[in-house]
Structures are given as structure tokens and as C-alpha cells.
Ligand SMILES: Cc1cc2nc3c(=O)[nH]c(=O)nc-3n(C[C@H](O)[C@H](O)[C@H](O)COP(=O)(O)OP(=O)(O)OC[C@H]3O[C@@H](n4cnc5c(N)ncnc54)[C@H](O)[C@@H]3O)c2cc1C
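We begin with a single chain expressed as C-alpha cells, specifically the form predicted alone.
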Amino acid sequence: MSVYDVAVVGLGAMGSAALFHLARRGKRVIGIEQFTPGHDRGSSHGESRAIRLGYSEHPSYVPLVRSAFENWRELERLTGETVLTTTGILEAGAPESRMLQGSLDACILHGLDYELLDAAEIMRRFPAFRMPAGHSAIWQPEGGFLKPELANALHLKLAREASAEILAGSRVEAIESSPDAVKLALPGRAIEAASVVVSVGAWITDLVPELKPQLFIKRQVLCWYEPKQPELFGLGKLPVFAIDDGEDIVYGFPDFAGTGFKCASHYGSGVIAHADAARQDAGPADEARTRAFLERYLPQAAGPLKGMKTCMYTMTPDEDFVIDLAPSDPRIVVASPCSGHGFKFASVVGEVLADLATGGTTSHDIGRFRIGRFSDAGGID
């Protein structure tokens, strides 16, 4: 029987960051991943993820994302790698759109740097866009994108260098509480730890079944295009953006790696019954949906398709995160901080999870993310 201070189950965005923070604190820690780290079966692949301060989901996220910015920059200092690229972020749509109003509220409340742009000014600054009259945008100069695969790999590298153990290709089958430790059952092996972080993404309901009524998995398809005018879509020419037209929200990124212009629908395309059923199955219908949006708003982007990838959003009913101690055992830390907008927070969520696993509390405000809110609403008993 192997005994650890903390075991981290799942080494995607949140788990790899948690492993790093725990290892640098000198804890005896093991990270367990059912696949190979860097795999494309979850929610941490696809070349880029947006990061922004003016947070349309709710203004209370802003202090947390500020801390995330600081931690991403620290990761860069520790490794000499570029994880976060500032491009600015443009959130555009009809003035009454929920996305624009939410971002504006967050910017005003927290005194963030922003500009309101009308359709003509959007197209003057960024000629790739074709905005209908009456549309407007919030421009946040501090926004940009993260490199998810690189970020996860760097967190794991630093964790290893701080003596963390990593067990890949092994799936935790059950978590059992005993008076002296939390036990993890794996094929042919058992592990004990004083506490456990469960950060397995869309598989979380297998290990924390009380969350099952509250979570569902959305299928997401990412598309890369070869623009008709590539000079409009490189770094310095195109920012990270999201456009809310009332029926869909499509977001995109400049071509920073020579792989093409990337875009996707935030609303996704269908529900996946179980994470094991997810496949790299993107097809013509997925591409047609994205292309139709581009032909309306970024017509010079709608060139030949270069590639597609499928990933997953693990959604809560209110689209907020779940970060809390398990009601059944406070030594088990539950982390499902996703709902399609979680990656940018990984650097600080890792710190939060390390706090909870070692002390049961954190200085970061995570009250919005407690599991008990579901029972308050008549969900978990």
C-alpha cells in the first residue's frame, strides 16, 4: 500500500496545476491520469484558450481571474516559456446581448480598462470583421490566449522536479473513506492518501456520484481554416474575439502557430451520455455551422478547412464551477471548474485545490462554487 499526503486524480488543466502547487509546498504527492498526459480525450487540448478580465458570466469571477493572470506569469518566469499571449479581446454583438452587458458590468464594477466600439470602429481597427449596423463591442486590451497543452505540460514538469510522482495509464476505479486515510482502488494496486483531489473532468460523476444529477457533457467542435486573406488573421491583426448574434456565440483566435484561423461555437453540438463515449468524430455538419457564421461576420476567414477537433464541456445547470469539499468526506476535494469557461482559471484553481487539500480552506473567494447550492435549489439531497 502506497501512502501519500495528497493524491490528485486527473491531470488535465486543474489536476496538473494542483499537483504543481502541492509539490512545491513539499507535500508527498502523486498524480494519477487514466490516459497519457496531453491526450485529446478531454477538455484541455486544441492549441488555444481565451483569457479575459471583464467577465460576462459574473463580476465575482474577476478577482479570481486576476490571480490566474499572476500565476500564469509566474509559470512563465519559472520555465522561460510563453504560456499567455496578449492580443486584446473583442466581445461583439447586439447591444442588448447578455454577453456584452455582463462584460460591461464586470468592467465598470472592477474598474477595468475597456472601450465601447461601434460597428464602424470595429471594422476600422480590425478589417477582418463585417459587423451589421447596430452591433457594438467591448474591447479589453488585457485579454488574450493561453496555450493549454504547453501549460499543462509545464505544470507537470515542475511538479516532477519538486518530487511529485506521476502514474499515467491507470484509472481510479473507486474512492473509499476509512478512519485513517482515503483509499484509491486502481487495477492491481491500492493507494492511500491523507486527502484526495478529484479533477477528472467529464468523468467526475464516476467518482463523485452525488454530482450526477447536476452535470451533463456538451460536445464541442473546434475548426481551423486557411483564410482567403491570411494577412488579416495573424498576431497583431486579429484579436481573440467572441460574437453573440442572439442565436449562437462563436469565438476565435488569430493564427499564431501557422496552423490556421481557429473558431468554434460556444453552444456546442449535442450532449454526450458519458465521457467514455466521446470520439474525435467532427464532420461536415459541424463545419457547415461554423462556416455559415464566418461567411456572415468574417468572410475572408471562410477559406479551406484545415482541421477539426472534438472536445467536451462538463456543464452545471447554472454554468458556474464546482470547487468544494465532498459532503461525504471533507478529505476529498471536488473540482469541476469548467462549464466551458474554466481553463483560464487553472493556474489559480490549482492553488485553491492545494489549499483545500492541505488545510480545508482557502483565502480565495469560492463561495459561489459550493456543492450545497444544488441542494438549496432542490438538487442534491
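Residue indices: 1-based, along the sequence shown. Small disclaimer: the values here were computed from a predicted structure and weren't measured.
Same protein, other form: the form predicted in complex with the named molecule, not shown, and the subject of what follows.
>> My question is simply whether L19 lines the interface with the named molecule in the predicted bound form - judged by any non-hydrogen atom within 4.5 Å.
In response: No, no contact at 4.5 Å.
> Given that the partner is absent here, does Y251 sit within 4.5 Å of the named molecule in the predicted bound form, heavy atoms only?
Replying inline: Heavy-atom contact with the named molecule at 4.5 Å: present for Y251.
> Looking in the predicted bound form, any heavy atom of G201 within 4.5 Å of the named molecule?
Replying inline: Taking the distances in the predicted bound form, the answer for G201 is yes, it comes within 4.5 Å of the named molecule.
> Does S347 reach the named molecule in the predicted bound form, with heavy atoms at most 4.5 Å apart?
Replying inline: It does not: once the named molecule is placed as it appears in the predicted bound form, S347 has no heavy atom within 4.5 Å of it.
>> Looking at heavy atoms inside 4.5 Å, which stretch does the named molecule contact in the predicted bound form, given the options 284-292, 135-143, 119-127, 170-178?
In response: Answer to the contact question: 170-178.
>> Can you confirm whether G10, G42 and R49, the three residues that make up this candidate site, all sit within 4.5 Å of the named molecule in the predicted bound form, judged by heavy atoms?
In response: Contact check passed for all of G10, G42 and R49.
> What is the one choice in L158, A151, L298, L222 with a heavy atom within 4.5 Å of the named molecule in the predicted bound form?
Replying inline: Looking at L158, A151, L298, L222 one by one, just L222 meets the 4.5 Å heavy-atom criterion.
> What residues of 13-42, in sequence order, lie within 4.5 Å of the named molecule in the predicted bound form by heavy atom?
Replying inline: Counting only heavy atoms within 4.5 Å of the named molecule in the predicted bound form, the contacting residues of 13-42 are A13, M14, G15, I32, E33, Q34, F35, H39, G42.
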